[in-house]
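Single chain ahead, by itself, as structure tokens, in the form predicted on its own.
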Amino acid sequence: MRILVTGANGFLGNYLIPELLKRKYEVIATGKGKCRIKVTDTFVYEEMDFTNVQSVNHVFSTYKPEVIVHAGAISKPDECEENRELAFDINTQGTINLLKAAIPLNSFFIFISTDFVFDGLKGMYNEKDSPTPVNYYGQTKLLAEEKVKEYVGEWCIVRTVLVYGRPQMGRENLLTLVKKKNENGEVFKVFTDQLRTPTYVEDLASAIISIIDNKANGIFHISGVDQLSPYEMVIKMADLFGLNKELILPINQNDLKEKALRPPFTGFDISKAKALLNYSPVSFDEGLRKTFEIKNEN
């Protein structure tokens, strides 16, 4: 089966593509710029700007993918708030371009979305809950979701929450950034008034593969099981390494004037994924050890 992945140079792409190759899928990895995927297996890499119709049509007509995993996005909420035209072009119009190119091929379309489609007033959302985003990033992803639902072929929307894990391409995430700054004696401010169910990146990749294997349609919530604030996540990491917790300052959203609002309490009910995909995520403690490649001695 021929699978095309957008955003292949990104965090998820660097974990998903090696797993697809292990299962002997034919992978067409696409992204902006040169290939930055650290795998030795054979796959095709094509530069593709999915905001450009001609670029999309060229790649689709050349490779005729049977499955599309659309992971490419602009995902920083403040950046989306500051440059709404760019955010819409990438997150919404880019998805529309891919959907149109997929129609003649009848490709199975998998769209990676976010917990930020919710307002965060309830928390532990299931797939039947109504999305009401509080920032423009969430709005662009929800608009894209609505277009995916109109697709004439088979589709799947995968919503996920605060993905973490070992960086592959040098780009830090919350945990690795705080560790580095702490070891350098730098203060770091972390939110206490936002709750999430953080998602270990390998779990997300395995869920996507299960969706492909089972051709699972509809919406799936994919995340971890532990509901934690970013501050609690960082403190667990600090305990693991014996870091100086006095340098980790708890704050709330009102203390830091960000351009985009964040939903306070998201996190997912993953019962559907457990039942239909046999999804079984690691605990946050185990994901933390995997992130920093610490062997479990138990």
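Counting begins at 1, following the sequence as shown. Computed from a predicted structure; not experimentally measured.
Below, we turn to the form predicted in complex with a small molecule, even though it does not appear here.
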{"query": "Proximity of Thr51 to the small molecule in the predicted complex, heavy atoms at 4.5 Å", "finding": "yes"}
{"query": "4.5 Å heavy atom contact, Lys32 to the small molecule in the predicted complex", "finding": "yes"}
{"query": "Contact of Gly165 with the small molecule in the predicted complex (heavy atom, 4.5 Å)", "finding": "no"}
{"query": "Touches the small molecule in the predicted complex: Tyr279 (any heavy atom, 4.5 Å)", "finding": "no"}
{"query": "Candidate stretches 186-194, 117-125, 102-110, 135-143, one within 4.5 Å of the small molecule in the predicted complex by heavy atom", "finding": "135-143"}
{"query": "Sole residue of Asn182, Ser206, Gln227, Thr160 within 4.5 Å of the small molecule in the predicted complex, by heavy atom", "finding": "Thr160"}
{"query": "Listed residue that, although the small molecule is not shown, lies within 4.5 Å of it in the predicted complex (heavy atoms), from Cys156, Ile90, Ile212, Val178", "finding": "Ile90"}
